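The chain that follows stands alone, in the form predicted alone, written as structure tokens.
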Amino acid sequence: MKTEEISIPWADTELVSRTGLPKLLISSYSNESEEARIFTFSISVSVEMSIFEYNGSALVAMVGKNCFAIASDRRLGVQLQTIATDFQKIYKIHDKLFIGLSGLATDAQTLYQRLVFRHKLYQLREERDMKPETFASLVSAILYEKRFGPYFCQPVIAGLGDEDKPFICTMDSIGAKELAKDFVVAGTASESLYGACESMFKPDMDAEELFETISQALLSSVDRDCLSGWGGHVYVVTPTEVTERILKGRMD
């Protein structure tokens, strides 16, 4: 809560009407003549912060030709204070399926542990790995069942499905899915990421070109967001291999 004091001349009735302040907020005035009389207003200004912005994050997933890439920044903060610069936001479910979790870091870790538990149960029962589309439905169901007290997370899911067709999607904190055929973004840098990805994305990129594109989009976007940054973490997944790289970015 921030308190500001504003002094308004008695004669400036237009300014008083523009502020829309009730007369009860008048705390004091001088004993000078009526022309020089000054009122002092104490205004309590509450700065609202979304809980999704508390730790800061930037997540993006992008598709290529029979491959996909998923990338995140590495900063963990408490609002504007940086706590760690090597924080993990992308998690491996199996060799062809990854999930990135933006939002409140504690909820992200809790949600990831629940997802690993449910995926292991599925492996024991079905004796196979979960398809990306099935996993997205699982994440959506888990989030929606907590809709009255949600996990403050926005997941980004990326995987290779049947015939190594890339699948990406994101969703809000109560599991409303958003599917895409090019890229999806999440986190406090999402607006910058949308602009960068729109201008840089090309269809049917190979793995190396996809890595270059998603890395440039991520680094240019986090430079425009004070709550994310400090380098990047990129996974590029093809049918035969998983490549993990750490990006060096601005450290301020």
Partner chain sequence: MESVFGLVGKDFAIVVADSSAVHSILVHKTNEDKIMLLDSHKLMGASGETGDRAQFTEYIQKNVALYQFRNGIPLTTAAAANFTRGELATALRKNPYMVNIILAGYDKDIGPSVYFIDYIASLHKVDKAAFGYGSYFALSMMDRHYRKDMTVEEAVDLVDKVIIEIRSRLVVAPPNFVIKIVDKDGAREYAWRESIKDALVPAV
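Note that the structure is predicted; figures quoted are calculated from it, not measured. Residue numbers count along the first chain shown, from 1.
Omitted here: the form predicted in complex with its partner chain. The next part is about that form.
Listed stretches are 121-129, 134-142, 82-90, 159-167; the contact stretch with its partner chain in the predicted bound form is 82-90, by a heavy atom cutoff of 4.5 Å. In the predicted bound form, none of the heavy atoms of residue 98 sits within 4.5 Å of a heavy atom of its partner chain. Looking at residue 176, you'd find every heavy atom of it more than 4.5 angstroms from its partner chain in the predicted bound form. Contact between residue 105 and its partner chain in the predicted bound form is found at the 4.5 Å heavy atom cutoff.
Contact check for residue 52: every heavy atom lies farther than 4.5 Å from its partner chain in the predicted bound form. Taking a 4.5 Å heavy atom cutoff to its partner chain in the predicted bound form, the contacting residues in 128-157 are 149, 150, 151, 152.
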